[in-house]
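The chain below stands alone and is given as structure tokens, in the form predicted on its own.
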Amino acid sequence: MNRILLYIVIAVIALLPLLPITPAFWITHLNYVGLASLVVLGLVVLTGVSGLTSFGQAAFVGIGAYATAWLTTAMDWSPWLALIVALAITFAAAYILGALTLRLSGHYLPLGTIAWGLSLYYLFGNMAFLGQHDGIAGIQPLDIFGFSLAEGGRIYYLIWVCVLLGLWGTRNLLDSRPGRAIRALKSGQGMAESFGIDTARYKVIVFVYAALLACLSGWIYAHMQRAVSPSPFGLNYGIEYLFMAVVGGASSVWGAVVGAGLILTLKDQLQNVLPAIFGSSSNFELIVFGVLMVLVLQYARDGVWPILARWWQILTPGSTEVRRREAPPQAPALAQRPRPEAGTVVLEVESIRKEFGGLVAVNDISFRLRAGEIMGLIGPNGAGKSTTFNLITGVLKATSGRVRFLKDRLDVLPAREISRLGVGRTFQHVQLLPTMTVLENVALGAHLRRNVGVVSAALHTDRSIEAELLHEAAVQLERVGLADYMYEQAGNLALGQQRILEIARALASDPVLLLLDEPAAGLRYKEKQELAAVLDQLRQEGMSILLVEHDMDFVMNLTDHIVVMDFGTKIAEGRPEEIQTHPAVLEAYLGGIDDDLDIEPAPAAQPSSAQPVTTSGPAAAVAERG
């Protein structure tokens, strides 16, 4: 949010109850908007940012409300002590439910949240000590140092302070090291695992985070209403909270407030307007909400908040501060891994084999890569090169054979553990987070090089570590020639630039072994030369590089050693000059069948901006076939 607009919003929130012209009804209404905003803010992180749909958030509101209601009435506890216990209960419940539910995917996940949401709702209504469907009454009001918050105008400030702190903490979280991992959950889980991110753990983290915000809302609600019953914590309210998130802007932090305000205001006003229009007291609200949802999905798929933000920028063009195109502030360099001595065997592939049913995609491939060496893995389309890459990096499990990296076996480890050992990679089909900046995408690669907790990130006490990560990302962008695009969204880059960006992200992980899958695809001739210079510099620094590439001129001039595959089998291995004249290689490229057997979905055709490379002799024949 623009700072001027933020100050205006805070001033309005602070002054509204003090104005004599403000009706008491609107203060009460804003109290409910604030309570709903806390719940929806959790859904923004859980559903909008992470892509995990939940219909059960109202149940967590109920846990917070019922916990404090019972503890303050039956046990005569302080409400503030009850808050701590309520948060602890919610944390435990959300952790257990999240660990079980988040194993589901697709439509099974929202169905799972509906199931436990209904279970908790009926639990509230059937437990005798919770008053069953009559609920619990006589809850004491909150007070702070003897100052009672029983009146709506007083608890109003507590609610909105909590909302503003929640917005601030959530924004801090999303702009941090764990926040980048959270943003990768929606569309880049496989890529994130390859850079050491435990996506299952982060799913549980965001699930618990959203539940705790809902619990806080329920705690305040109980002491504001002075009574609780099961009805506000049912499935219909869970659906309503999800409506609020989508209407406001499911991936926008301030969209939580906008969505809650719009839905609750419409709901209140429609109760007065619709009976007058239709001459009946029947409930037409759900019909209107359904129409509203269709319209939002059709004309404002990102929600209302992004539209309001664009309007504000148009109305106040001078108030939007354009981020300066410069590197982040200087920070201490991150620690680097020691490099093995030149000539040391870094990667040893021993007879690895991958079968998909009756199809043998990789057939007993063996080779060695030494420190300070660039090896090319080439072959016609469908030779099994990318499948071999995925076997080395743990994306696929080998049917048989072994892969060793220095002293460790890779074929028995998941992708994130392989990354932790010092193996970085790019992908055949570019895998970036398009709505994140170029700088943030590269910083994601350095995830394992520093450790920041969720609480530290939310409280913004991680500034020094964040500066180090962003500085490292800027250094790698400078190295590959993308420093001028640092604050551009990654999705706005050309395909060739996106491939270079993937290399910068891999370098940020400080790898000992770098695997590049078609890094020169989509690059112009000059860009290929610049990339070759970068890779040559990395070789001189002691890094080992294994690359798959179809541009034979690029491969022959850069690599020290080449392995050639065809139909999943190694047909040749040697120095570039030996490969150019090898009969089996020429036969494979000139006489083979061009079927794509790499077990990965082919991308849609992209117009190539690469300039033709002039090559003569056998390499030209290889390039033509490849």
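Numbering starts at 1 and follows the sequence shown. None of these values were measured; they are calculated from a predicted model.
What follows is about the form predicted in complex with adenosine-5'-diphosphate, which we do not show.
Note on the interface: of 76-84, 268-276, 354-362, 292-300, the segment with non-hydrogen atoms within 4.5 angstroms of adenosine-5'-diphosphate in the predicted complex is 354-362. In terms of contact with adenosine-5'-diphosphate in the predicted complex, the residue from 225, 172, 428, 489 that brings a heavy atom within 4.5 Å is 428. 380 is the sole member of 422, 98, 380, 188 with a non-hydrogen atom within 4.5 Å of adenosine-5'-diphosphate in the predicted complex.
Interface membership of residue 387, defined by any non-hydrogen atom within 4.5 Å of adenosine-5'-diphosphate in the predicted complex, is confirmed.
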